[in-house]
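Just the one chain here, laid out as structure tokens, in the form predicted alone.
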Amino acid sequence: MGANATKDARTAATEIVHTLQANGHTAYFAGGCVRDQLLGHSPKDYDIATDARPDRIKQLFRHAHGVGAHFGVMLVKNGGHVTEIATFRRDGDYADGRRPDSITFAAAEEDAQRRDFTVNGLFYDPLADEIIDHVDGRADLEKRILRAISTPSQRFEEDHLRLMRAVRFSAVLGFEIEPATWNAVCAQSASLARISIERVRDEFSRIMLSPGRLRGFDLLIDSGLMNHIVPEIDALKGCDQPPAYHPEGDVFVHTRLMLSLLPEKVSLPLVLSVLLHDIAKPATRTWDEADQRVRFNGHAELGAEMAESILRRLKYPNDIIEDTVTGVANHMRFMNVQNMRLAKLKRFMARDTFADEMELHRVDCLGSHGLLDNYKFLQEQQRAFAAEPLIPPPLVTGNDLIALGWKPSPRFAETLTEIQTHQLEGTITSRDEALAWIAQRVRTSDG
């Protein structure tokens, strides 16, 4: 076991287990690292569970310090790695639906029973190379089933964030949620409203960034959890679109299809912009009597406003919000790229968000009419422009205008933008030509 694990981190954690066991304590690897090793994945980190109390851990490890000592949780630094060590415990009541009000130090069997899902309740002794399974987690792991330990409703009542974790583990691991656990998720989905939006947001982001995001999206929708995250998505259902452009169906079907077409690895702004790019279609839907078709005039502009409001409600960082909103606002501009002037096209392609916007456009097309002519045109332009910067250094600056006797004014920006446009289109190619153009403009203006 552990052939695919991160060798250095595993070795550091194993040395800690060795020290604890050598001093008369029970100590195991615990939780996700055991699950991931059994699945053949490389654990990101290693957690240890032990019968040693926090004070004893401080005695044994010089670099130990508490991050939740009242819950029996310590951090130990060893070999450049920080390992979390938790004392076996039994939890008291969960009044806030997130953390136990009290804990009691207990045996390994009781510690396993307090955990969320059977596949996360496994222990592993790295010295004896032995799995310790008090919750039948190994059988569920082999069957690829996600099952809450003991009574599902009790597990979710203790910690409402486990509702999101159930969806995340199912999406990331590709596991089926067993019926009793799934029924409890659906029945208790409204409890998610009691959890801080930051914690919900982080779980939501991890689901959406996973290659299993479509499975996660479906589970969030079907369970009712999405109604407490992005309730605006529900209005996409039944919002019909012109069949000529959207043979796939309504806006919800289109959005879901786009999620399925994304590559495994995506940025957070990209997947959020896919999710929200048509969020304003229900609000902008009108019927055009002349053309006898549905229209969504202004949906990109209103969608950008709605996306910003949604992401601020979820308390995403400003950079994520800005890049996502830019993608939503610009997604309709791609239909005009072949008619753009060269300078406008270069500026459009030079933006920091362009790569994500290109991918948004690609899956938008494939998730509807299937035409990729504008996408292929932009790919050709990328190859054509690859030899030099899309936006080269300016031929002249504001300092040059001041040296020519200009006083700072709105004309500065207008003039510099015009010169840049000529530069981008190749009609002005040198500093001397730019200065001559300015002189000519001044003469014409004076005359």
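Residue numbers run from 1 along the displayed sequence. Everything numeric here is computed off the predicted structure, so don't read it as measured data.
Not pictured, yet referred to below: the form predicted together with adenosine-5'-triphosphate (ATP).
Just one of 239-247, 269-277, 370-378, 155-163 has residues with a heavy atom within 4.5 Å of adenosine-5'-triphosphate (ATP) in the predicted bound form, so point it out.
Selected range: 155-163.
Of the residues Asp51, Asp47, Glu418, Asp400, which one places a heavy atom within 4.5 Å of adenosine-5'-triphosphate (ATP) in the predicted bound form?
For this set of options, the contacting one is Asp47.
Tell me, which of Arg362, Arg147, Lys281, Arg115 has a heavy atom within 4.5 angstroms of adenosine-5'-triphosphate (ATP) in the predicted bound form?
Selected option: Arg115.
Determine whether any heavy atom of Phe169 comes within 4.5 Å of a heavy atom of adenosine-5'-triphosphate (ATP) in the predicted bound form, and answer yes or no.
Yes - in the predicted bound form, heavy atoms of Phe169 and adenosine-5'-triphosphate (ATP) come within 4.5 Å of each other.
Should Gly32 be classed as touching adenosine-5'-triphosphate (ATP) in the predicted bound form when contacts are defined as heavy atoms within 4.5 Å?
Within the cut-off, so yes.
Under a 4.5 Å heavy atom criterion, is Asn120 part of the interface with adenosine-5'-triphosphate (ATP) in the predicted bound form?
Contact check for Asn120: yes, within 4.5 Å of adenosine-5'-triphosphate (ATP) in the predicted bound form.
Arg90, heavy atom within 4.5 angstroms of adenosine-5'-triphosphate (ATP) in the predicted bound form
Arg90 lies outside the contact set for adenosine-5'-triphosphate (ATP).
Residues of 187-223 having any heavy atom within 4.5 Å of adenosine-5'-triphosphate (ATP) in the predicted bound form, listed in sequence order
Heavy-atom contacts within 4.5 Å come from Arg206 alone.
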